[in-house]
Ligand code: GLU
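To begin, one chain is listed below as structure tokens, in the form predicted alone.
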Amino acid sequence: MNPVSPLVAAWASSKPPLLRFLDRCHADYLAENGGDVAHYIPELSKAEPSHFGIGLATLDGHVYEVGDTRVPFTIQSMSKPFVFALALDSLGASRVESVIGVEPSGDPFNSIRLNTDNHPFNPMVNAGAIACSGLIHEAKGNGAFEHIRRELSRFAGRDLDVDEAVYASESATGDRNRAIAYLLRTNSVITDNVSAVLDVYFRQCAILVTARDAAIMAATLANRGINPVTGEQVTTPYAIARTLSVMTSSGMYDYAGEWIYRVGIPAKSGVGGGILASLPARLGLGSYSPRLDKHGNSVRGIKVCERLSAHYDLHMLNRSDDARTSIIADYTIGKNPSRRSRRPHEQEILAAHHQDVRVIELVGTLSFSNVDYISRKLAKRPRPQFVIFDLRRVTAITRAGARMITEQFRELADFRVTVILSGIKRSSEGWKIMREWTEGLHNIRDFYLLDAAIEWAEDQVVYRHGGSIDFHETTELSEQPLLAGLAAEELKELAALGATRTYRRGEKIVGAGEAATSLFFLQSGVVHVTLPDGVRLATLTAGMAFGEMALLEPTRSADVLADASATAVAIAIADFEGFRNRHPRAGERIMRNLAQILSERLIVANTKVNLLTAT
């Protein structure tokens, strides 16, 4: 067994930069002893002050963990944004907004004060949170708490328990919350039994989570309601957007203004020592350290969030996204035609009308500003007959982006421009919205592969300008570029070595990884050459050879399948090599032709690379 080199071992055990950063934060702030654990709820005063954990969840479902990330603690006020989102989805925005405001109060979280409409200022203070619990109780009755616990579990991606001791302690000492609840009852914000509503509220605050759970819950908010670990759509994007808005203005109580000024990430704290921070479309952070400052926020947790935001420039109002990066390539088929081998008359038509087909390859998220930029770029050149939007590198389409791009499609339809889409991820929400809004438009086609889209558009250009797609048949090896320059007698001898074979539509003629034992000269039909991952390398018609790499490599590197019924002359490599040995001049000529064919393919590949790097 070969020993592993020290360099390889070090590489395998190395930590990602973000994890190293969190390690440093944990080490630097572990010695921070400022603040104290909450005492006004007796059971919370029993928390171990030294506990300190940091979790960070990315939107692809990876969770970084440092320190005491699996130590359970009660969620307390961190439950408020999730119950607010749940109320919005369960009862509808109009019902919720009719009794709960969305303005910051500037008061402590447990202030016994309502706004000028005699409603809670917002759902992040105790009055608003109790009102939310009351709305859920109004809708679910005795099943209200279990409904909340189950939904919060979906945010965390696991079943969450309740700390019964903390629940009992909160219930026994919750007179201030009782005063708030009766004030809400007096003003008809709560319509149900006050004791029953408070029981729901006290229990939801006693739900047990960990720093890891908090990170995943925050990432679910950042991911428009989709839990990035489980992939489950927990709540609607509408509810998420409204929840994050209130978290931004009011999530950190009377420290909220300072927080959003310095950190700039929507967040919510709890007197159990937790903080969760949710940066939309980026990440979710969860921390646990029970020492609290005068505002009721975790001292260490605040420092971690401040340092993370400053170090990586994560303030949500300091976005660096540039709409101009959404186009990775923009060209006509004159610069990058399809991989289909064309006959001379087809090539002439396409060369004369190459601007009729424009290809725009997109990348990243199609947002409002990105689509606006794409639309303006499209308008700066002469109007084509076909526009191909390649979406294979598009990771998401926002609702605004989907609306704007469909409006662009409708405008193109007015000018009789055909829109062709390729590389679509049909499961995405943006795609579903786009399909809904473009229903009835007849100028849209879609293909999975970009090359297939370009090939189809080329065919239409040929047809429109009086040409035809040549599916001719040929039995003459003299038409084969690989055999160009061979004498008639040499071609006759080669033909005698071959056997004519017929292939059905969709039949695999050769497969990647197989031994390369023959080369083929296509006489009729169409075949395509693809890599094992489905990327199309070439489309070949009669008069073209395939499998010619067998002259250089003993193993097939690609699949060849019949697009339609096809016939080809197959010559065994052993027989072909025997011919080359008998006719060295012809053998040299064939290899020169092969070098020319490979050179032309390389030129096409280089052109594609230049297009991608020049945009």
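No experiment lies behind these values; they were computed from the predicted model shown. Residue numbers run from 1 along the displayed sequence.
Not on display, but discussed next: the form predicted in complex with this ligand.
The closest heavy atom approach of Glu458 to this ligand in the predicted complex falls outside 4.5 Å. Interface membership of Ile41, defined by any non-hydrogen atom within 4.5 Å of this ligand in the predicted complex, is confirmed. By the criterion of a heavy atom within 4.5 Å, Phe82 is excluded from the residues contacting this ligand in the predicted complex.
Shown alone here, Cys205 lies within 4.5 Å of this ligand in the predicted complex, counting heavy atoms only. Relative to this ligand in the predicted complex, residues Phe121, Thr248 and Trp259 are all farther than 4.5 Å at every heavy atom. This chain appears without its partner; in the predicted complex, the one residue of Leu519, Val271, Leu244, Ile327 with a heavy atom within 4.5 Å of this ligand is Val271. Residue Ser77 is the only one of Ser77, Thr235, Thr398, Thr210 with a heavy atom lying within 4.5 Å of this ligand in the predicted complex. Heavy atoms within 4.5 Å of this ligand in the predicted complex map, among the stretches 557-565, 65-73, 47-55, 33-41, onto 33-41 alone.
Contacts to this ligand in the predicted complex (heavy atom within 4.5 Å) from stretch 158-189: Glu170, Asn177.
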